[in-house]
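The chain below stands alone and is given in structure tokens; this is the form predicted alone.
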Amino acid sequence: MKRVVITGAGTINALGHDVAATLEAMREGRCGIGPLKIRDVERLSIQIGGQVHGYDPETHFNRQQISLYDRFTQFTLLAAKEAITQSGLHFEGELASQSGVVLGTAGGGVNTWDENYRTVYEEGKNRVHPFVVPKLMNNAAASHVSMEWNLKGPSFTVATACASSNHAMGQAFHMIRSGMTTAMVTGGSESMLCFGGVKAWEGLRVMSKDACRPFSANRNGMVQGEGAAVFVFEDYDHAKARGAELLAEVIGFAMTSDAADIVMPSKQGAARAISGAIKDAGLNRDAIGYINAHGTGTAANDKTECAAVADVFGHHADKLMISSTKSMHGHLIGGTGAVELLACIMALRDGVVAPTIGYEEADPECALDVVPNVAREARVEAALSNAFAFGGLNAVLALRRV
């Protein structure tokens, strides 16, 4: 089997418009969650989110492109540009045919849906823009990335709610490891912070009105974010031969289904995914030093995830560092695992473990080292990134320091 390494990373999210700014914010434990600035926000019960501020699409795209790119696609293209530029790859000839795109999103063009529902139902108009369908479709971002960078191999989108990005990156990993492809542009994006998007989530009654406090006894719900993170996964031999900078190695992946409940998480399903990723990586449990947790800040998710970690790792669970960066950038739903992978790379590459901010009260049902409030310097050789989605769909990635 081929080895798989990460040779490029890009992002735009509530913490920063690129990787450097995002990692700096994670090191500082800075919160990107704040008051939403969207149309009709006063009609919402939930008025906070991890929104991308200071972003002007006209700075990056022309009018014709903006008419075709939903906000989630715009974010993806910007993150992909940063990642591909860092990788130094030029997709031409055989490499173009041997490289593709697999991205995750849960909602796709939610902003486009929201805008056009207003046009038809609120304003009473009988026509919408001819590009509405290609703008809102979930595969729009993957398709535009493939066209922009001449990626002619497998290209598609994965939609598994909050695990979408991890499932997408897992597929990219499998394709390179099997020899099907040489390089894959992968990750995920989401932009649901519009009136309709937030209003829909309000109905679930899982949202916090004030802050995201994963693992803290006084946590009261999740907070949505938006943005994208994109990576270049590449065959190790190909990367080494061209002298590429290696950010980390992807060494394992596992996915499971709870087959139990549409919204309530299962300890057994999560534990099987964690164990599966470690087994696929060929590691002992004790080799894992850090876990980027799913850690949504809801009562059920956090205690279930901690119980799963305790079951899998036994006594080693007390030595593990586990943190939720959702406390800083919010829950990007389908894009969240991609942004969180940046924290794993930072732990492996820079020896800095991002904190769980907003932690105020110890919870006996979350009695793990959650790296509360302040980042920590530590040498980490291997890390896991957890994603557990509505529908009981679980996806865990394992990475190693290079």
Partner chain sequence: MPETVRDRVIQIIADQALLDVSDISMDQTLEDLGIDSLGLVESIFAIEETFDIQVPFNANDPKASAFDISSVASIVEAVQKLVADQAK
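Numbering follows the first chain given and starts at 1. As the structure is a computational prediction, the values presented were derived from the model and not from experiment.
What follows is about the form predicted in complex with the partner chain, which we do not show.
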Legend entry - the partner chain in the predicted complex: contacting segment from 189-197, 160-168, 98-106, 293-301, heavy atom within 4.5 Å: 293-301
Inset, instruction - Using the partner position in the predicted complex, report whether residue 206 sits within 4.5 Å of the partner chain, counting heavy atoms only. - result: yes
Legend entry - residue 268: touches the partner chain in the predicted complex, heavy atom cutoff 4.5 angstroms: no
Inset, instruction - Would you please decide whether residue 264 lies within 4.5 angstroms of the partner chain in the predicted complex, comparing each non-hydrogen atom pair? - result: yes
Inset, instruction - Answer for residue 221 alone: is it within 4.5 Å of the partner chain in the predicted complex, judged on heavy atom distances? - result: yes
